[in-house]
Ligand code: URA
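Here you get one chain, nothing else, as structure tokens; it is the form predicted alone.
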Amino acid sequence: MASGSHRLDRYFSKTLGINRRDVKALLAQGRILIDHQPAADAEQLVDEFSHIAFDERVLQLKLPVYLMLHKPIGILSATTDPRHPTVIDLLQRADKGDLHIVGRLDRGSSGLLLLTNDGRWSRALMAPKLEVPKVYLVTVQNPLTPDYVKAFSDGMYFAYEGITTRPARLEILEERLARVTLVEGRYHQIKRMFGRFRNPVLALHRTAIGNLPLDPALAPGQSRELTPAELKGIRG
């Protein structure tokens, strides 16, 4: 079924052509199981990840998938592309065609990328109002100065979109290396912000999303499923 929640009687009407009024009788007979438990209410909500069985016949069995991937440089953050390899091509999973990307990285960037088949989770994680921070290590061509820290914190006006970026945190780690934390993701935002100083970005690597750091055990191109604790704690 499509992403989103639906009433149980509506699901059976759409899936099996059963009259919605007849679903109550099936419930009374204990013939419908939701997540392995007898369903009792025709108005109960089910979604794409509900385990639904009717007369011991499984009608729906789809498990949510949440992956972290160490994206290498040169790989597209896309599900398909006719010319270039994509992050989906890196996966050795039968269900990879069902996955989508949660917050892209440019082809020339590397680091933490999330993939899932759960659209509600990905939309919630990327919702601007939640201000989930994304952390990057940025290598630039020219030396950094304290002026960068203030400019990133103040926000920068982008005339093309007619917007001012939200305050970002820049920490100078080395002469040409900074840690940048954003709570938004405008088009090529980090490169454009450093571009205000005419300082080209040479490398950009995402190290964390929210409270979830990139697993240092993952080599570029490798991925793994998130643990329950990581899922629970990613947004703090």
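Source: prediction; values computed, not measured. Position 1 is the first residue in the sequence shown; the rest follow in order.
The discussion below concerns the form predicted in complex with the ligand, not included here.
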Of the residues H188, R179, R31, R176, which one places a heavy atom within 4.5 Å of the ligand in the model of the complex? H188
So which of D106, D154, D89, E131 reaches within 4.5 angstroms of the ligand in the model of the complex, heavy atom to heavy atom? D106
Quick one: find which of 167-175, 190-198, 53-61, 40-48 has residues within 4.5 Å of the ligand in the model of the complex by heavy atom distance. 190-198
Contact with the ligand in the model of the complex for L204, defined as at least one heavy atom pair within 4.5 Å: yes or no? yes
